[in-house]
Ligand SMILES: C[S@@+](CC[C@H](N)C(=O)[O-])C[C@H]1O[C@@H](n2cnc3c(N)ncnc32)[C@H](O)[C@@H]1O
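Before any questions on binding or motion, here is one chain by itself as structure tokens, the form predicted on its own.
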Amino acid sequence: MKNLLIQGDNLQGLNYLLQDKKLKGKIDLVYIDPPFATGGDFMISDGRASTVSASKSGAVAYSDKLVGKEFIAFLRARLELLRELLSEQGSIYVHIDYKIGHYVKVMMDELFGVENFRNDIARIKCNPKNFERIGYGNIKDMILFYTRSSNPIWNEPREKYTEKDLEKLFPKIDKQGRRYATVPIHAPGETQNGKSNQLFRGMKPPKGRHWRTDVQTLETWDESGLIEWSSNGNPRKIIYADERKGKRVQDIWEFKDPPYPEYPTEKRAELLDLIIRTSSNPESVVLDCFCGSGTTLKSAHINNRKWIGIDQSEHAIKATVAKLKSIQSDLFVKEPEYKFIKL
């Protein structure tokens, strides 16, 4: 499949993908950052983006006038088509504002199934503010993550341990200066499996517990110096920090908005890189039908994924084309080939 950049109403664009391109069940990942039902306009002035603006200077990049029930109906119509496009191993991430997001979640529970809801991810978007208001300062928005089925693409994301993590999680240091921690070699529950109840160095697991692995493996660990014996003869498995791939990514992400965005509500490439690497594979098709300045498409390309972008705004299409052209000069990666369609 060739990469596609489509200019037009995304409802029409999604129907085109289903009916003309026959892509039902072919999309492995959808990320969308739709309007947030703010009731305002987003502007571009002097080549730079601004937030919702009351001024009449600059050009309107896009309008965000739908609110309440009208907005939910608008988004639902598009999510129904996106559900049809998703593969059985597909995932969808909907980036939304905290004021409307909980209504969107109820609607997505119905469309995708409560059982396929995976995360409500809090995205830290800015530094703390000191605006006078009744209520706590808002520094986050939300990303709703659903899968099409119980067996999605999932490439476990990891992040590096910080120094504080290492000190807390691996508090011990061996003679070679390597940080490590120890964990029990037995687990709760008695079993009838002889391999997990046999004698190890003359002892059985404590009452009501069993060895986590077979005794032969325990003996291999011990001979290799990977079991630490306490002063009272309690064995524990040694886990070295430098042999771990890092810690699991949690559901609070700090990807603050770019300080000088070229397009309104532009998101950091690192956020899209994380989503794309986690929930798609090389050669998967990634779809963003509110593609804005094309950050999703650029991240998909540099991560060796196919992509489809849709946006109605002339400013968005121009920004996307410019971003795609920048790939080769900025990253020394071949500029993507794609087909442009105007509906």
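Here the structure is a predicted model, which is why all the values come from computation and not from measurement. In this text, residue numbers run from 1 along the sequence as written.
From this point on, the text means the form predicted in complex with the ligand, which you will not see here.
- Candidate site formed by 87, 91 and 117: none of these residues places a non-hydrogen atom within 4.5 angstroms of the ligand in the predicted bound form.
- This chain lacks the partner; the member of 125, 172, 78, 209 within 4.5 angstroms of the ligand in the predicted bound form by a non-hydrogen atom is 78.
- Although the partner is absent here, residue 265 lies within 4.5 Å of the ligand in the predicted bound form, judged by heavy atoms.
- Proximity of residue 312 to the ligand in the predicted bound form falls within the 4.5 Å heavy atom cutoff.
- Although the partner is absent from this view, residue 279 stays clear of the ligand in the predicted bound form, with no non-hydrogen atom inside 4.5 angstroms.
- Among residues of the shown chain, residue 8 is one whose heavy atoms approach the ligand to within 4.5 Å in the predicted bound form.
- Figure note: of the listed segments 22-30, 298-306, 279-287, 312-320, the one touching the ligand in the predicted bound form, with heavy atoms no more than 4.5 Å away, is 312-320.
- Taking a 4.5 Å heavy atom cutoff to the ligand in the predicted bound form, the contacting residues in 272-298 are 289, 290, 291, 292, 293, 294, 295.
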